[in-house]
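There is one chain below, alone, in C-alpha cells, taken in the form predicted on its own.
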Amino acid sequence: MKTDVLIIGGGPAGLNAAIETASRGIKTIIIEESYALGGQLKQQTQFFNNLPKQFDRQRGIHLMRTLIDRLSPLPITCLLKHKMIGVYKDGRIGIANDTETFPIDAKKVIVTTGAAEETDLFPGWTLPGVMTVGAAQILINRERVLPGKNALIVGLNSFSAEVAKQLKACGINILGVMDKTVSVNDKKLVEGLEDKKIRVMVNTVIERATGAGEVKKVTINNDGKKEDLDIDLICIGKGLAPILEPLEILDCEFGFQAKLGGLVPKYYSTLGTSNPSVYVAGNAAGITCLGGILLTAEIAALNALKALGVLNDNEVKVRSSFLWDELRSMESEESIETFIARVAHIKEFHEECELPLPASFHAILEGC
C-alpha cells in the first residue's frame, strides 16, 4: 500500500489529524489496534468544557461521534485491529493484524499513539479486583458491568476523581480517594469530591491488599495511622505516560520532561521529530488535556501538509500561530506547568539542532 500520510493511532489526535489531511485531498491511512476508532473517548461520559473553538462543550463519547462524522465523507482508509510492528530496510512501515503482515509506503507519518496508565505496586496488587481507573471506566460505561461494591481509589488527579464520581453514581461505595502527597494544591478537585461525600486522604499509602482469590481487605497507612478497610475493588489512577514504541522503532530521539509524562520524543515547533518523515501529536507528544490533544494534532497535520507541498509557508504560519495561542490558553487553564514544559522541550531541541525558532514562536516564549 502507498499513502501520503500514515497516522498511527485512531484516538482523538489521530482522528483530528486525519480530518486535516484528508480534507485537503491527501491520501490518508489510519491504523488502529482496537476494534473501533475513538480511543479513550469510547467510554468517557464526562463533559469536556475546555475544547478548541471549533468544538462545542460536549461529552467524550459525543466528541468521538463528532470526529468520526467529520471523517466519514473523506477519502480515508481505516485499518482497525492493525498495528505497526517494524520498519523495512527501505523505510516502509511494517503493519500486521491477526492474519498477515504487509508494508505501507508513507511519505509522512504522524504518531498519535496516546498514553498508557501508570500502575502502583504494593503487596497484593496482582489480586483480582485491583485495576486501573481507566479499566473501571470501561467496565461501567462500555461493558455495563459493576466492577465491585466497595472501592478505594489510589491517586488523586482529575481523571481518577472523575471516575470516582462515576463509580459512586453507579451505586458503588467509594471508601476514599487516597494519595501519597502530603498536600493537594488543587482545592477545586478536593472540593468536587467532598461535595459528593467522597473521603479524600493525603499522605496515605497502601501497605498491603489481601484476599483469597480476590481482594477483600486493604491496609492503609493514613498519615502514620494504620487502617483496615473491607473492599472488593482497588482502582489505581497514578497518571499517564506517553506510548512511545512506534517512535522508538522509527528511530526518533527522546528527551525527559517530567511535566509531560517523563520520556517524550524530541520535536520542533512544527511537531516534527528528529526523523524528518515523522510527526508526533496528542499524549504521545506529552501528557495534556483533551484540548491539547486535538490542537497538537492540527499543528502536526498542518506541518506535514506543508512538507508535502500542499500548503504554503504563509498559510501554515498564520494558522500555526493561532493554534499555538489556543494551545497556550487551554494548557494554561489546566496546568501552566504543562505548557511551560512543552515550550522548554521545543526550545531545547531547536538549540540542540542550531535551528532558530520561528519568529511567531518568540511571542509564545515571552508569554511563559
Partner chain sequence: MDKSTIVCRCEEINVDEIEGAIRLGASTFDDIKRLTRCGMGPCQSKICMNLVRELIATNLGVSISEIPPPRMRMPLKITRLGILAGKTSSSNVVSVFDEASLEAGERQND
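Residue numbers count along the first chain shown, from 1. Since the model is a prediction, treat every value here as computed from it, not as a measurement.
Just so you know, the form predicted in complex with the partner chain exists too; it's not on screen, but the next bit is about it.
At the 4.5 Å threshold, heavy atoms of residue 121 reach the partner chain in the model of the complex. Interface membership of residue 263, defined by any non-hydrogen atom within 4.5 Å of the partner chain in the model of the complex, is confirmed. The partner chain in the model of the complex is not approached by residue 183, whose heavy atoms all lie more than 4.5 angstroms from it.
With a 4.5 Å cutoff on heavy atoms, residue 107 does not count as touching the partner chain in the model of the complex; it lies far away. Contact with the partner chain in the model of the complex, judged by any heavy atom within 4.5 Å, is made by just one of 170, 74, 205, 85: 85. None of 89, 225, 144, 197 but one reaches within 4.5 angstroms of the partner chain in the model of the complex through a heavy atom, and that residue is 89. Only one segment in the set 227-235, 277-285, 97-105, 133-141 has any non-hydrogen atom within 4.5 angstroms of the partner chain in the model of the complex, and it is 97-105.
Along 237-267, a non-hydrogen atom within 4.5 Å of the partner chain in the model of the complex is carried by 241, 244, 245, 246, 248, 249, 256, 263, in order along the sequence.
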